[in-house]
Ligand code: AMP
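Single chain ahead, by itself, as structure tokens, in the form predicted alone.
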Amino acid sequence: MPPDTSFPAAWPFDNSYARLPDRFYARLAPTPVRAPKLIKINIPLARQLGLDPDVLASPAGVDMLAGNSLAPGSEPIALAYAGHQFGNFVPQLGDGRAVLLGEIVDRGGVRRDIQLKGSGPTPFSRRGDGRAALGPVLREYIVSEAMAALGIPTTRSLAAVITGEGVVREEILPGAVLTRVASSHIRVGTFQFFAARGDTEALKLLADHVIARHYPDAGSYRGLFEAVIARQAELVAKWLLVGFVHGVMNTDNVSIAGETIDYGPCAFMDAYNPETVFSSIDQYGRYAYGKQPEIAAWNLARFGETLLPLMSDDKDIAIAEANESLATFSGRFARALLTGMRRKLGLFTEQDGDAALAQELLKILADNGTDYTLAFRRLSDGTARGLFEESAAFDSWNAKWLARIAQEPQDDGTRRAAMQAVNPAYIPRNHKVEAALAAAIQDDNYAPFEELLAVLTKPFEERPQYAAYAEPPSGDEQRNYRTYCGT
């Protein structure tokens, strides 16, 4: 597919990954669709990228967002990678339903990938149709933009279009294409792809590319490993602090850039329970809420294995250095989590008993089946007690917390504002997400989707007209929630 030279505005592409050797990807254009129609343009993100949202929403722009034409400068490629899926290694996965159009340096000087997801089959499709259904596209749009508003590193959603074609899953569903923006789409599985083939030359090229793009101060391949460890520790701590469950933390879903990527069977926890699992395919709870730090460390160990040939010619030395670096993960994660918990509890200083204070509250939440998000939000205004069926344990804890915050120098108003700035009033409540998806899929009604986005892009700002979006699920049907990967 040649570029559309009639496209009304050039995209400032600078495609560094496409300059790597051909074995890193497959060159191919998106597969055109029958009748593309725009669902949504992320106007602030478009402007951040230096793109004109009006041009994107034009017929020529929608054709490009659907994969029916290419903007000048695009060099579409599907990336090769491997991965451990639920602990089992698959030596070739790759972009089976996505095409990287190219890279743009945004207005802040940050390089961003622009990818079409659901753009048709590729050499990595493994007999799949390469398409995406409308529901998973809207889910990723909603949740990724909510995560960005919560201050959590994430891929972003630039646009969504409906294709005018059906996709076959358990039933025929409307098809859609998501335009995804990421710091890069390089994964732990990308390194595993070349390590599995003994291709040390490609590993070195890839590592050098990642250092230049993401970690220019790394200084060495061990430094690269430690930088990725640090970002993953911070990222997973932030997930836990808002009750996020990724759902499928396979190594091919771990971004080297430290962003949340691949929103498949993800969801947000309502009642606090470390064993919370939403994914229908996670039958043994491998990726449960409370296991995410453990799995992150496991995935990082797999990343470290791929770097061993680069770290030292002496394998024993390389293993010792990698293990020494990997051992820093638990401490980094624990510090990041405790720092975040202090902020959620309105603590500005550090004391030795803070971790125990936080853990005691979490146990009380678990014992009472209390809503995680509401509990922390209502702590700030003194109304949390009503959330607990057995209030005696909470009363005991609350007395300790009040004694602890009495030792802080800040006044109550300052503390309340600080707590409300980190404890969201609104998260993507699973039942609200499902209602928005159902309206779009069944009735071609995008008003609930738009309203939900309006709520979630200002998650800390409590607005009375949106009070229903803060409410936890009611009834077994809403509580016994399951998510599906959408492929």
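We number the residues from 1 along the sequence you see. As the structure is a computational prediction, the values presented were derived from the model and not from experiment.
Beyond what is shown, the protein has a form predicted in complex with the ligand; the following relates to that form.
Proximity to the ligand in the predicted complex, taken as heavy atoms within 4.5 Å, picks out 92 to 100 from the listed stretches 92 to 100, 359 to 367, 188 to 196, 375 to 383.
Not displayed here, the ligand is kept clear of residue 335 by more than 4.5 Å at the level of heavy atoms in the predicted complex. None of the heavy atoms of residue 223 is located within 4.5 Å of the ligand in the predicted complex. In the predicted complex, the ligand lies farther than 4.5 Å from every heavy atom of residue 268. Residue contact with the ligand in the predicted complex: residue 309 places no heavy atom within 4.5 Å of it. Scanning 87, 128, 123, 274 against the ligand in the predicted complex with a 4.5 Å heavy atom cut-off leaves one residue, 128. In summary, among the residues 303, 81, 289, 394, the only one with a non-hydrogen atom within 4.5 Å of the ligand in the predicted complex is 81. Taking a 4.5 Å heavy atom cutoff to the ligand in the predicted complex, none of the residues in 178 to 198 make contact.
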